[in-house]
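Read the single chain below, which is given as structure tokens and is the form predicted on its own.
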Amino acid sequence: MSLLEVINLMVFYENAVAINNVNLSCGKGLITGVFGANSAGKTTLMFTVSGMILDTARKEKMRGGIRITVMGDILFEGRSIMDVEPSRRAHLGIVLCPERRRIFKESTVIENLKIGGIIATKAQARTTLEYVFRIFPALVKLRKREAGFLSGGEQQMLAIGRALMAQPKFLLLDEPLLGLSPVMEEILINAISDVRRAIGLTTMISEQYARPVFPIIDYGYVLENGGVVVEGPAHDLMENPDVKSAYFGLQEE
């Protein structure tokens, strides 16, 4: 059963195609991977599913910038959300953890987490905060530190924790491993896997380099020039020689 479906999605920046007739589905309780090089369309896809593209299009129109056009449909729990504002999508349970984290750098760790939990009940916020500190124990000692003074890996843990505080049904992780060390990559991958096991959270994760992510995904899509060029279960993608070469750095013998 799919929690979210993207149907014939097209996104244009003026006359340039950013997303080209994309169809994909995210099964309930599963982790879906979206892979591609820079400018393949991953972030635009994440922004469109989360609704942030609507805000971007509005701001561009107000300042006389580029015209953004979105076509197709997105279904969440069987209902179209194409015209639903991003704040409303967050209340429905669609939560984006954006690329490059975008935390509130002048606020403390605990303040960032509480901001993330603003739409949660007190009981939900308390329980989720305990869970975030369990999967990211490094944040416990840092709870009173301003987020801007955290390392890149610590900021990414905070960004994911803040997203979890919003009580997502569908979590979008846009390049969460960008610029991180292999050790930090492993910590984050283990945490994402734990979230799926512990609470059955449906997740879409985008990455340029697939190797660290593939062990935890159930199904994956590869984007090139805004369109899906390969898709399939993780095992099938891993056996595809083109995927292995482009996204794993592995060559056939």
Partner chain sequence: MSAQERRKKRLDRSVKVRSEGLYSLSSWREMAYLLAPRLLLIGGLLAAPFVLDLYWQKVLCAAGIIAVLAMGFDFLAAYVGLVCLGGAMFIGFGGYAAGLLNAKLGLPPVLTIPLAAVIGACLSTVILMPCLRLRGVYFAIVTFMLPLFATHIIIALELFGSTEGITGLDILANHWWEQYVIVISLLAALFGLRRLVTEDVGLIMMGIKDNDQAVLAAGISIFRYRVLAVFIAALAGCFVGAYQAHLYGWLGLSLFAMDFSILPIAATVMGGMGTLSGPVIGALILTPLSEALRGFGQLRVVLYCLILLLFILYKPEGLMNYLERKYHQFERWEKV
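Keep in mind that what you see is a predicted model, and the values were worked out from it rather than measured. Residue numbers count along the first chain shown, from 1.
As for the form predicted together with its partner chain, it is not shown, yet the points below apply to it.
Asker: Taking heavy atoms only, is G64 within 4.5 angstroms of its partner chain in the predicted bound form?
Answerer: Output for G64 is yes: heavy atoms within 4.5 Å of its partner chain.
Asker: Is the gap between T69 and its partner chain in the predicted bound form 4.5 Å or less for some heavy atom pair?
Answerer: So T69 counts as contacting its partner chain.
Asker: How about E239: is it within 4.5 Å of its partner chain in the predicted bound form, going by heavy atoms?
Answerer: E239 lies outside the contact set for its partner chain.
Asker: Can you tell me whether V230 touches its partner chain? I mean in the predicted bound form, with a 4.5 angstroms heavy atom cut-off.
Answerer: Because no heavy atom of V230 falls inside 4.5 Å of its partner chain in the predicted bound form, the answer is no.
Asker: Heavy atoms, 4.5 Å, its partner chain in the predicted bound form: which of 172 to 180, 115 to 123, 70 to 78, 148 to 156 makes the cut? Say which one.
Answerer: Of the options, only 70 to 78 has residues within 4.5 Å of the partner.
Asker: Looking at its partner chain in the predicted bound form, which residues in 79 to 105 have at least one heavy atom within 4.5 Å of it?
Answerer: The stretch does not touch the partner at all.
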